[in-house]
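The same protein chain appears twice below, in two forms, each given on its own as structure tokens and labelled structure 1 and structure 2.
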Structure 1
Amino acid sequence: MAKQKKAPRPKAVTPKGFRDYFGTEVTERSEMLQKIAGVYHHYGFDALESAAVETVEALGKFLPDVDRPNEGVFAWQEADENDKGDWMALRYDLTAPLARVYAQHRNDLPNPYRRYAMGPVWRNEKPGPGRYRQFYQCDADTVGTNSMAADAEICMMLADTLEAVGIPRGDYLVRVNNRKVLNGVLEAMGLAEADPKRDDVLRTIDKFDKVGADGVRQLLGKGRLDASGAYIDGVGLAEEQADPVIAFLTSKADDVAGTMENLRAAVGDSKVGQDGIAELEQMGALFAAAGYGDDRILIDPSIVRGLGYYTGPVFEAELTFEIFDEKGRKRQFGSVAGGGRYDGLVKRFTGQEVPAVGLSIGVDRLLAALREKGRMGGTPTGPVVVTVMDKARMADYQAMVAELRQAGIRAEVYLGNPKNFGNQLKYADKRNSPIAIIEGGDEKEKGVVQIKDLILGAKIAESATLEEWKERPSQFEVARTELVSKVREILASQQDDSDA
């Protein structure tokens, strides 16, 4: 009888486009999300946690990826007797589920409905450096009102959120624009709503931050040579047709009034364009009334990203401090959040247009920004470790841990093999523990414990002389009853040293 082959062992590898997150990363993200949620809650928004899975029908039109099934989502078909079950998919953002939730529960929800949501989303797209198929989003939306006060409030809340998580004023700017103004520009160019060249113009405008006004003018016309020397074909518009676009992109003046005047010249007699300018003026007045100056929120027509998706005001939070890229070149950190008005959110479900405005914060990018600012990413502090000198006295050690935990101190008992005491201290070092507690038989008999300051001990071991070591010992013997107070004292001194 042939020997049966063993099944091959599975490879211990992360699926392509995904990654694992360990202790510090998870903790930092959780703490940041709590701060963001605090601001949202302070503004009167309610939390919503919807299902991670939606029907493909409910998700509607999502981000296309023509090389993959179901255009960029992770989808599967539910089995039934006739193999005609519903197609299900992991959500690709937090906005599509909001549309379904609002349509389904609108009779029970307040109007307007203000909600925030945080959680992972999944996109079946080709992964790349820093681009994963699962990532976190952090959204807030107001559904059911056309008031520009809702749009202005979202922008102000975004500014407050950035400051709450540790981005100081002066290191960020929320820039605001309006899709209606751009529609007015397209009308001034003589491009009807059904003209296929409108999409080409939008794509060209989106390159403004890379190629500048002259580059946009060339791409709207015959074309231009890019940096590599390749020739990029243009849209083919006449020279005078490009004038309104350039006027729009370069309309930012020294003050809001001047910017509005330039925008009016760019849109000409277009009613939709004039409506968009009026909305920007309303928002500017609300920002000023609430004390949000141009150093925090700025009307800026050069913000064009996402204009194809939105129907009214759009905004983007940009971090303005400089960092070094992988080649050692200085550059600004860039965008960490964005949003705008997208009326028609629920129309697919109800047939009635429902106005909405919202924002989405890129959690991973914001975390990276905080690390760049030195607000996160330091060496994490582990728990106080109570070592085990006698397995038969585990109850004594658990009692110590319980006292420390009840006092609000993170602590654990060593649960490995206690035979080799050196291994226990190595474990504490690997956990980056600040303190180790030692109580052998002699200490138990005397009613004392040994408290070892591991952080101070490491510093002494690095550079201290014998005399300095004697003056600042890193191990203390204290009465068992003083365990908690002494641990608190050492932790406080460690914190003071790290802040110095």
Structure 2
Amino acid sequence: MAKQKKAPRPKAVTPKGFRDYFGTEVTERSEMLQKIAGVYHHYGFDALESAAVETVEALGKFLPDVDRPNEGVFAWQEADENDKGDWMALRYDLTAPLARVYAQHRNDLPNPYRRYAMGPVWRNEKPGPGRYRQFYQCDADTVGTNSMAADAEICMMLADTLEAVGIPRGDYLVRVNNRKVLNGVLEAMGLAEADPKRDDVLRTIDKFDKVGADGVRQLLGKGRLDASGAYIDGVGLAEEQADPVIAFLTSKADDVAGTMENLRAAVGDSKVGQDGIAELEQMGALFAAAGYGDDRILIDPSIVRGLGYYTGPVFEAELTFEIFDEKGRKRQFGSVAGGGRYDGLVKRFTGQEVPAVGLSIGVDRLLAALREKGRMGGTPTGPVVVTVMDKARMADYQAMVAELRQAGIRAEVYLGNPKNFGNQLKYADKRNSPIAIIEGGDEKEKGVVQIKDLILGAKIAESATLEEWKERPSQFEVARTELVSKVREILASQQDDSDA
């Protein structure tokens, strides 16, 4: 037999743009998802979990008009004798699957249908630093009602959710706008619905924060000299066409009524613009009645939001505290959630317009924010480690572990080669163990165990001159029968130290 060529070893690498999450990275996210789900559920939203996979046809936006419909999604063709299998893809958000589910099951679902969904979504994009091709979303949507009470409810629920996960009032702001108002401004500018310049105007509006009113006016006109000295070409509109935009961008007044007055001036005769203002007024009234002041939810005409499918109210939750970026510069943390009304998504399937409004929380960004604020991500405490002095007495060590666990204490026995005791303590260190238990032959005979306070031990090692630590022993010999109570006592004292 000819000698077979040996296949090269596979590379052990995370696929490009994906990552692995370890320990508390997983559990903290899972706890946050539970808290969010708790608020959503309390508001009457029901859970929905669809599969990660949808047909490309149902996902839409990425129809297989090319040989391989992989623009933005991970897609493949189902195997089939004639190579005519369906194209399938990983979902890129949780809204497209909701539209499919609602269209499919609408006769069995309550109407209106409030649902929440959480889970990973996938984007086939070029990965960058901090940008992954799989990430979590956490959505709530109300399908089947055009009542602004639905939109207002979701904004208030968003504020409640942020507080529930640990962002205090004052550290976040939900900003609300309405696409119809924007469309009204575009109408007042004389730009028809299909005018390609509409997108240029929207992009320019998005720069208001950076360049101010005068900058926007220049960019809508001939152009503008950048701070870097580069000349940015303008949209090329006439001077007076910029007026409604500027009126719109500077419409924020001290109260909602004042802002509405200014917006009315900006949209002029536009019917759609007036509708949008009326919707904002309805939402504003509901916020006020429910006691959500503008320290929590603010009508703010400067919010645009990228997605083309929004048709009415849009909103965004921003964290307002400052952080330091990788270059040490102060900046605001920015957006962690957003959403809006999208009345067209279900229609793709059924032909009938179904009004809907939804919210999506970027869970990974929210987690990053809480870690930034020091509210999460401290070094987690590992399990108590029972060391092994005599391999033949493994049953004794497992009995200790079982006793500790039954007392509610996370514990494990060392399972590596016990020959080198130093390795066992190194292991306990790597596990962030608070305590190690030692029972050698002598101890066994005397009916005692040694209990090492590893956290105190580390502190003494770090600051050997501190009298405070020196006076406290970090290893205790106690009767075997006292194992659980002594461990409990040490854990409590460690807790006190770390709280102090």
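Basically, rigid core = biggest C-alpha set you can superpose within 1.5 Å across the two forms. This is a predicted model, so every value here is computed, not measured. Counting starts at 1 with the first residue of structure 1 and goes up one by one along its sequence.
The form predicted in complex with a further copy of the same chain is structure 2, not structure 1. Relative to the superposed core, Arg488 undergoes a C-alpha shift of no less than 2 Å between the two structures. Once the cores line up, the CA of Leu404 ends up 2 angstroms or more apart between the two structures.
In the core-superposed comparison between the two structures, Ile438 has its Cα shifted by at least 2 Å. Fit the two forms on the rigid core and the C-alpha of Gln450 turns out 5.0 Å off between the two structures.
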